[in-house]
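In the block that follows, a single chain appears as structure tokens, in the form predicted alone.
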Amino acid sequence: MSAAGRTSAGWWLLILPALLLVLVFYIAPILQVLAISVSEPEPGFANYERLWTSEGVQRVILTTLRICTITTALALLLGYAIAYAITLASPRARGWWMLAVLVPLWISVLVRAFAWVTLLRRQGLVNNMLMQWGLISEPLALVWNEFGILVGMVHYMVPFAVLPMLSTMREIDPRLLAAARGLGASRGQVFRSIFLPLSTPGVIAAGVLVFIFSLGFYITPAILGGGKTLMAAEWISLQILDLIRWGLGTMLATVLVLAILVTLIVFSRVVDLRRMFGTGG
């Protein structure tokens, strides 16, 4: 065997354990889910026909897509403003900004969900303050509905939107902005003509990340939705654990996996996702 062949074989031996782990703990379960979706309660594609014939399944899918789309849009707006402020801040202020962004990631999603319940419930802090200020005469329904889900999901997703956009913004050469200002461009013109176009790949990467994470949300919608607004993950849990409809549950789980893969494939044509997420050269 030549030296090149021995080197190639050595690399394959090094990555073989990782490949086996991926095969056993990721690929095999997905294939099992796919098999169950076309074999329970009887072999065939009857479960997938529910995508076109069942109003309940369609309602869950539309609700999930609507909430994920709104969550992504709001997280991108808030995340862009925060990333922009961090980029322009002084080194010391930048450290405090980063701490404020990262601290929520260290807090359990369960703790954050119950915290929002405490704040948004009818006798919670938000309603009490609004009533004391005379802005409302009776408590608002801010939780156990779609609004509560959106608040909790946006709060969770903003840090994941900030980090990819901040990575892109920090690569923008400040001399370009200074040169534009020196040529007479206003701050608004510099932002619209230079900063925003150059930061667009980060916005796209953040949008992909947030949307994909949102599709599989379970704890936050389950707590803040109160069982009244079902998203896909909670519906899957209901079908499998409570109603023992393995075929229906695994069918929607398979659809979610395919939706994530399609999203990644489509957006990979627009932007180099490997580079944006820090895995490229």
Partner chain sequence: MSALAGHALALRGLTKRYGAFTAVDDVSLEVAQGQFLTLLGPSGSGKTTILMAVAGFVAPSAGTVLLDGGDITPLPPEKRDFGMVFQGYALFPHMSVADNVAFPLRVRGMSRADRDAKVRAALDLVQLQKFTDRLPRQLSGGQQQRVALARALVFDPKLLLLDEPLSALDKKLRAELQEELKALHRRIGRTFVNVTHDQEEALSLSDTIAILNHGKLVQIGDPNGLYERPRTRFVADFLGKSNFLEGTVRTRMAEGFLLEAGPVQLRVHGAGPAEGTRALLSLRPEKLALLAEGETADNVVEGTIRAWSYLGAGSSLVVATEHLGEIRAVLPAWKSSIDPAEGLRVRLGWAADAAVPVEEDAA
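Numbering follows the first chain given and starts at 1. Being a predicted model, the structure only gives us computed values, none of them experimental.
Just so you know, the form predicted in complex with the partner chain exists too; it's not on screen, but the next bit is about it.
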property: In the model of the complex, Gly134 touching the partner chain (heavy atom, 4.5 Å); result: no
property: Partner proximity in the model of the complex: Ala178 to the partner chain, non-hydrogen atom cutoff 4.5 Å; result: yes
property: 4.5 Å heavy atom contact, Leu198 to the partner chain in the model of the complex; result: yes
property: The partner chain contact in the model of the complex: Pro104, any heavy atom under 4.5 Å; result: no
property: Segment that reaches the partner chain in the model of the complex - one of 140-148, 108-116, 71-79, 190-198, heavy atoms within 4.5 Å; result: 190-198
property: Contacting member of Ala85, Leu130, Ala185, Met98, with respect to the partner chain in the model of the complex [4.5 Å, heavy atom]; result: Ala185
